[in-house]
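Here we start with a single chain on its own, the form predicted alone, put down as structure tokens.
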Amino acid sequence: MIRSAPSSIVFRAGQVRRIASAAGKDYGRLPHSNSPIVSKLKFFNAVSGDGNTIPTYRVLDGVGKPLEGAELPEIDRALARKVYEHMQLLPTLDTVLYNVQRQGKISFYVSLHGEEATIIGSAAALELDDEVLGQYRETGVLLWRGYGLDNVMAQCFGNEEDTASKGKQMPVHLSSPKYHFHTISSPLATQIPQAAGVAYALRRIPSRRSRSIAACYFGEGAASEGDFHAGLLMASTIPSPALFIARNNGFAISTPSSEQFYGDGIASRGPGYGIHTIRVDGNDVLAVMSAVKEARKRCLEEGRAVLIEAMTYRVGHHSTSDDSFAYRARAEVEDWKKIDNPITRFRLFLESQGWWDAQAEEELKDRLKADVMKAFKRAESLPKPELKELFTDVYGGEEPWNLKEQRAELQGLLRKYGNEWEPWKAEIGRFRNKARDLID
């Protein structure tokens, strides 16, 4: 039983430290802890209804006007227009490739309608040599870095110019060593602990220790995976410059965020790991830019992880394998497009600064559509890689027996049926050299 104590007390290791004030209300702290001791029973909870929820950082209001007291990031006319053009490029690209998939010309596609501000705003705040580990909605980061529409189309079509995977990966599973963009994987959340490892590696490289971070993107659904906790635990206990960017877009495939967790979003988990955390309006591109820039600065100065939760909304379907109107009302989506459209909000800001007008808007949309269609038609016309590439770049070192066996089996089938069976004959014609590299 702990009794009240005088203002001065001698204590031994293992005993509770007590430093009572004259009023008898200061009971000190636990050993090896900064947690103060109190005599009143009180539980705490971020969603208890007592107002202790995490705030959301915003710069621009819904009509593009800066909030009173808000500080704009360093942005001039040229940078603002570049940001806006990339934000407009993403839905243009999404519309074409989504329809192309529906026509059966590519196998799969993931759009990012509604999340343009989160993707482009963060890309603009990162340095070009920061390592990026994406989920599958971060095509805009690569485009911002100069990857180009032709490379995006080549990967989605898996043609001979697909430098990312030589036709072996699903569409939008992009990668580029040149642009410091790590290969996207289909399994959910695998990139989160990998980002902690990449950040730790950067910390151990003298030439990059004070220059580069690892930026990891994922959705709030991925944060329900064990990999999320493993990654944040590693990055916090083995301090590493990892920036975790959670896109809380409201849905994990068909599960709304209200059914994924009861706590106060993803941001509430950061302090549990001792990680600097901020929640930002993901539909406000200037707020995202400011938050990511400051978070990156903290990563480098302290060599520690930072967590950003970007609050946005997934206007599009989860992917071409999903019909979101089966679990949400069409009217809800249409309302979000009108009420909180990140592109519209930033355009209104540009117009208020005298940096944009209706003529520039029309010219931009026409140019972007022409550029995307040109890249699409070019990618569609190119052949697939040589068929032998199916067996390359899978394993390092000596080729294993199972690949040799599979290649021999395919060779036999091609020689027997390749020029006889019409379905195969037509398919072989799509490959470079018409599969002669294997047949011969």
Partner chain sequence: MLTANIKRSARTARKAISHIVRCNSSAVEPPPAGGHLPSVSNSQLLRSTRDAALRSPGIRWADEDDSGPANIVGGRETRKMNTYQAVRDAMSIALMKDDTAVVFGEDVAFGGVFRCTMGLAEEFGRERVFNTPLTEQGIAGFGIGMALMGHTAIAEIQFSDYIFPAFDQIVNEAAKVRYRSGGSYNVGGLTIRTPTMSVGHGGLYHSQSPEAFFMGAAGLKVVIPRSPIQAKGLLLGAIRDPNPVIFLEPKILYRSAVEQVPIDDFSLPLGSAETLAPGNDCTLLTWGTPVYHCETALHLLASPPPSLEKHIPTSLRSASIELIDLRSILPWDVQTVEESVKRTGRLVIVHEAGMTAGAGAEISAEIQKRCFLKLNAPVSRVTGWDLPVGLQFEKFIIPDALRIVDALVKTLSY
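Keep in mind that this is a model prediction, so the values were computed, not measured. Positions refer to the first chain, counted from 1. The term rigid core refers to the maximal set of C-alpha atoms that superpose within 1.5 Å between the two forms.
Another form exists, predicted together with its partner chain; not displayed. Remarks below refer to it.
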Quiz item: Heavy atoms within 4.5 Å of its partner chain in the model of the complex: which of the stretches 104-112, 196-204, 362-370, 297-305 has them?
Solution: 104-112
Self-check item: Contact test, all of G226, T320 and K416, partner its partner chain in the model of the complex, heavy atom 4.5 Å
Solution: yes
Quiz item: Ok, S268, Q260, N341, S175: which has a heavy atom sitting within 4.5 Å of its partner chain in the model of the complex?
Solution: Q260
Quiz item: Here the chain is shown alone; which of I75, L233, I275, I253 has a heavy atom within 4.5 Å of its partner chain in the model of the complex?
Solution: I253
Quiz item: For F157, is any heavy atom within 4.5 Å of its partner chain in the model of the complex, or not?
Solution: yes
Quiz prompt | T92 within 4.5 Å of its partner chain in the model of the complex, heavy atoms | solution = no
Quiz item: Is there a non-hydrogen atom of V96 within 4.5 angstroms of a non-hydrogen atom of its partner chain in the model of the complex?
Solution: no
Quiz item: Can you check whether E409 is within 4.5 Å of its partner chain in the model of the complex, heavy atom basis?
Solution: yes
Quiz prompt | Members of 169-208 lying within 4.5 angstroms of its partner chain, judged by heavy atom, in the model of the complex | solution = Q169, M170, P171, H173, S185, S186, P187, L188
Exercise. Inspect the rigid-core superposition and answer whether the C-alpha of E409 shifts by 2 angstroms or more between this form and the one not shown.
Key: yes
